[in-house]
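Before any questions on binding or motion, here is one chain by itself as structure tokens, the form predicted alone.
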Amino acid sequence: MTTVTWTIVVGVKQVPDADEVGIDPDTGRLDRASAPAVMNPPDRGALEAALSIKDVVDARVVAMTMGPPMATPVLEEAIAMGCDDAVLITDRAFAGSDTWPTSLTLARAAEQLGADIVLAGEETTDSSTGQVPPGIAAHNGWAQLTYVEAVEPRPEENRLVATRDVEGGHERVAADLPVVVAVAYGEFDPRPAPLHRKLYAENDFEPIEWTAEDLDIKDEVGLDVSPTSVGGMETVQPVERKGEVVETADDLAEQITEVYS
């Protein structure tokens, strides 16, 4: 292991289980209450990427999430996987924040933690904007690497090299620290949490808690400063599909000919 101390911060989010979430027929919005809360699946890959860096560099890995107190289980899961500490950023002032104040909040938290590297999944399954990791980089004026499929720490250069997915192939990019990394979904296989870490996370671990005032952004978050607006939403009714079973390939060919002739 190379001797150097990096602080690696991983953004994780609690989201409704995509396999269980539905649409409220009256409002046309996601019915979050109907689905169990889970860790955003792409963020699991970001956790594994962070821990893989720690495998070769002396580093402290800290998970952070922005949400209500009930979001603590995703931090416990991160601790069970191997994170050294975790921060819950929670405040009623955050209610209604879109990606702009959310990325600002996480940027200030990363800065306060002294982050050298910030990692997060490329997007969240409940909104899929992909805007938050680049937003963190923009707010702090840090380098950014997106759609990252592999990481190679170079502590002697104070750099992180990443393999990125680009149209038609891949590219390798080196970024000076501090850097924000958006991890491509499905490229990092999360390690299982050992039993002793699970027991510690569930029974003894308590996250650090920060409010908007702690981050000095009380007037810069919430619905009033969120520029995103929804112009409208419509629930599309499924189209009735008809099917017919045929016995032979010739029968199928005949049906196709009738439809397209």
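Computed from a predicted structure; not experimentally measured. One rule holds for the numbers: they count along the sequence shown, beginning at 1.
Form predicted together with a small molecule: not shown, discussed below.
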{"query": "Per-stretch contact check against the small molecule in the predicted bound form, the hit in 129-137, 168-176, 155-163, 142-150 (non-hydrogen atom, 4.5 angstroms)", "finding": "129-137"}
{"query": "Gly114, Pro73, Gly96, Gly186 - the one with a heavy atom within 4.5 Å of the small molecule in the predicted bound form", "finding": "Gly96"}
{"query": "Residue contact check: Met66 to the small molecule in the predicted bound form, 4.5 Å heavy atom", "finding": "yes"}
{"query": "Glu123, heavy atom within 4.5 angstroms of the small molecule in the predicted bound form", "finding": "yes"}
{"query": "Close approach of Ser52 to the small molecule in the predicted bound form, 4.5 Å, heavy atom", "finding": "no"}
{"query": "Partner proximity in the predicted bound form: Ala107 to the small molecule, non-hydrogen atom cutoff 4.5 Å", "finding": "no"}
